[in-house]
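In the form predicted alone, a lone chain appears below as structure tokens.
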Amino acid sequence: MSFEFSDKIKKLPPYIFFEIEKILEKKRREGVEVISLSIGDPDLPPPKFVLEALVEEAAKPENHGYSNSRGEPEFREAIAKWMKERFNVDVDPEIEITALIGSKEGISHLARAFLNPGDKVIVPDPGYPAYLNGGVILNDAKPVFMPLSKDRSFLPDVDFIAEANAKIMFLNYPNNPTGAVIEKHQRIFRNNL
């Protein structure tokens, strides 16, 4: 039996991290000692108290089922508290916080909730591949690539954003993959850094 991928899947470019993994595997089979600088895997194990808590909680039968689909209330409340303490931002744990299995899921599903075929989406370039793949291509949207250049410290250009006339813009700082950050005192308007 053979299967054919959907037209949407066929539009996806090769996933850069999968391509890097293939190269790493090949080099390791050849006996080359490789230090991977691709996906941001931690270089240190979790703290011992975290591992101990995981073992303790995994042994409890009441934790063997599915959790609340948005994340347990205590978890969402802890996130709201952290957002307030860390960023002085108030978020409603009942409405504005949802647990995810990962960022790719959130990016793809968020875009799916708001995009129609042909809608424009600003995608930072360079940027996290999930923006283009899950957020744009799999939603039949049209990417508008926003250059993030070293001479602008990888900051977005607000004039570009306004001119793009897009429905959604993907943007995060610290920026993936550049590592750039925006400081509170920085401005992102053209010629006004």
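In this text the structure is predicted, and so the values were computed from the model without any measurement. Residue positions are given as counts along the sequence shown, with the first one as 1.
One more form of this protein should be noted, the form predicted together with a small molecule, which is absent from this view; the next part is about it.
*Asks:* Quick one: find which of 69-77, 116-124, 86-94, 101-109 has residues within 4.5 Å of the small molecule in the model of the complex by heavy atom distance.
*Replies:* Residues of 101-109 come within 4.5 Å of the partner.
*Asks:* With a 4.5 Å heavy atom cut-off, would you call residue 128 a contact of the small molecule in the model of the complex?
*Replies:* Because a heavy atom of residue 128 falls inside 4.5 Å of the small molecule in the model of the complex, the answer is yes.
*Asks:* At 4.5 Å between heavy atoms, is residue 176 in contact with the small molecule in the model of the complex?
*Replies:* Contact check for residue 176: yes, within 4.5 Å of the small molecule in the model of the complex.
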